[in-house]
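First, one chain by itself in C-alpha cells, the form predicted on its own.
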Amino acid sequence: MTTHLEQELEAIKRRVFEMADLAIESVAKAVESLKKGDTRAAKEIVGNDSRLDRLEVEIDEECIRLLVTRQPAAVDLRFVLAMLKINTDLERIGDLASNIACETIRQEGRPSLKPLVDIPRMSEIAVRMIRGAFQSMTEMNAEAARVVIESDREMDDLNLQVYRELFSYMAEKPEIISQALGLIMAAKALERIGDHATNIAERIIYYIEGIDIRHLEE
C-alpha cells in the first residue's frame, strides 16, 4: 500500500520531470532558432521561460512543505534535497536557453557568418546529458549518471573550438565582431548548460548512493 509520503514524493518527481522536458525543449528550440535566424520562434522561447520560473517556485514550496511536515529520512530525505537543487539547475538552463534565443532576436534574421556546426552539436550533447541524467534517476543507476558527467569534457572542448574559430574570423573581418561575439556567447551558454547537467547528475548520484562527489575528481 502506497503511503502519503510516497505519493507526495512521486508528485514532486513528476513536476521535476515536467520541468526537465521544458528545459530540454527550450535548449533545442533556441539553438534551432539561432541556426535558422527564426526570430518568431526565439520570442516564443523567451516568453515561455516564465513557465519554468513558476515551476521552480512551486517545486521549491512543495519540497520545503514536505521537509517540514513529513520529516523524511535516509533516501527520502536525500531525494528531496536533490530535487531542491536540481530544480534550480533546470531553471538556470531555461535562462541560458532564453539568452541564446535573445541572440537570435538581436541578429534580426541576418544570415549567420557560416553554417553552424559546432553550436548545434553542443546543443545535441546538452540535451543528451540532461535526458541521460534523468534516465539514470528513473533506473536508479549511478554509473549512468557518471557517464553524463564525463560528457561535459566534450562540451568544454567544443566551446573552446568555437571561440578559437570565431576569434580568427574577427581578426580577419572586424566588421563581423558583433555577430561573432553573439555566437561565442551562445556557445558559452551551452557550455554552462553542460555544467548544470553535470550538477544534476551529481545530485542524482548523491540521491542514489548518499555520496557527494562534487570536486572529488578535480
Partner chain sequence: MENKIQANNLTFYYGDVPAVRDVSLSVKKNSVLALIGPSGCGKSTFLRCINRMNDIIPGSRAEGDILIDGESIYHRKYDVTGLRRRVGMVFQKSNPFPKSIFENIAYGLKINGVRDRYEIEGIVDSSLKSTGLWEEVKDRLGESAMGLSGGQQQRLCIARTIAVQPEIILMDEPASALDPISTQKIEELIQDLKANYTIVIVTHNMQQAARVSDYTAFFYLGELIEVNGTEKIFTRPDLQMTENYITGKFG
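Numbering follows the first chain given and starts at 1. The structure displayed is predicted, hence computed values, not measured ones.
Only in words, not in the display: the form predicted together with its partner chain, which the text now covers.
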Report summary line: Heavy atom within 4.5 Å of its partner chain in the predicted bound form, from candidates 128, 106, 121, 78, belongs to 78
Query raised in the report: Quick one: is residue 209 in contact with its partner chain in the predicted bound form, heavy atoms, 4.5 Å cut-off?
Result: yes
Requested in this report: State yes or no: in the predicted bound form, is some non-hydrogen atom of residue 213 no more than 4.5 angstroms from a non-hydrogen atom of its partner chain?
Outcome: no
Query raised in the report: Any chance residue 138 has a heavy atom within 4.5 Å of its partner chain in the predicted bound form?
Result: no
Query raised in the report: Which one of these stretches, 141-149, 67-75, 85-93, 111-119, sits within 4.5 Å of its partner chain in the predicted bound form when only heavy atoms are counted?
Result: 67-75
